[in-house]
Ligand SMILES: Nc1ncnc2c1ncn2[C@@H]1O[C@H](COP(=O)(O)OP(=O)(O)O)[C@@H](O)[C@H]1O
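Presented as structure tokens, the chain that follows is alone, the form predicted alone.
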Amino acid sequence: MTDWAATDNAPLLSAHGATIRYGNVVAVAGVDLAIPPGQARIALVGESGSGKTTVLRALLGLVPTGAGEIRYRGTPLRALNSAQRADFRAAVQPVFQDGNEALDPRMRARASIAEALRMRRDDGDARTTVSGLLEDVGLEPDLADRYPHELSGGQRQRVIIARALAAQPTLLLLDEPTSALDVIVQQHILELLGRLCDERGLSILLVTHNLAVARQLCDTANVMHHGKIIESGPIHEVLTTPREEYTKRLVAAVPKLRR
């Protein structure tokens, strides 16, 4: 078992003054963000190009910070030992928006999910476990033998969620998880995510441009603009009494949020 005794009171995952450049372009400028353990539901909202997906990728360790750092349970990612890094990779699971890109087209759904089981060294019956995970996300077990192109968009997204759950995570990082789906399927996926968080005690960070989606799934909102978090707070306050002009424009642009 990984020893985290010295950092038990630290956030599960956090950014501290994170700054990320692409050439001369500053994509993220000094972002501070903390995700506590235990069913935290946090949204990072903003228009395309605001830097929110870059923050998510940095939290996953996929993008290095030019300044500042990302910490897992209080320890900088770069300082994690091998056991801690393995724990991080299993505990923090992404759910990306495009099922066509997130799933290997050469692998059946069963193989994709079983691959994630190995992150936790699951020694049980993989076939039974995969079937159970598919049922958990509302899919028939016989879909396990299908390739991604044989699944609908909603089915692919459910397979991606099942694969993330296979690693027994404590945190899901959701990158526009419903943006490629029609409204009815989107609603089903949001209800599924909410149920899974309740049942499994998961924390989530939702990256989205859709304030209605954020309101349905999250308790706290952080608004990004030009690479910075410009406003944070309980989501109902941010959406009903926004302080910043940019946030007011975002809210006003979504008819269902107008009061």
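Note that the structure is predicted; figures quoted are calculated from it, not measured. Heads up: residue numbers just count along the shown sequence, starting at 1.
Form predicted together with this ligand: not shown, discussed below.
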Task: Heavy atom within 4.5 Å of this ligand in the predicted complex - residue from 216, 65, 54, 220 - done: 54
Open item on the list: Counting any non-hydrogen atom inside 4.5 Å, which residue from 27, 60, 196, 35 sits next to this ligand in the predicted complex?
Closed with: 27
Task: Contact of residue 234 with this ligand in the predicted complex (heavy atom, 4.5 Å) - done: no
TODO: May I ask you to state whether residue 191 is within 4.5 Å of this ligand in the predicted complex, using heavy atom distances?
DONE: no
TODO: Would you please decide whether residue 47 lies within 4.5 angstroms of this ligand in the predicted complex, comparing each non-hydrogen atom pair?
DONE: yes
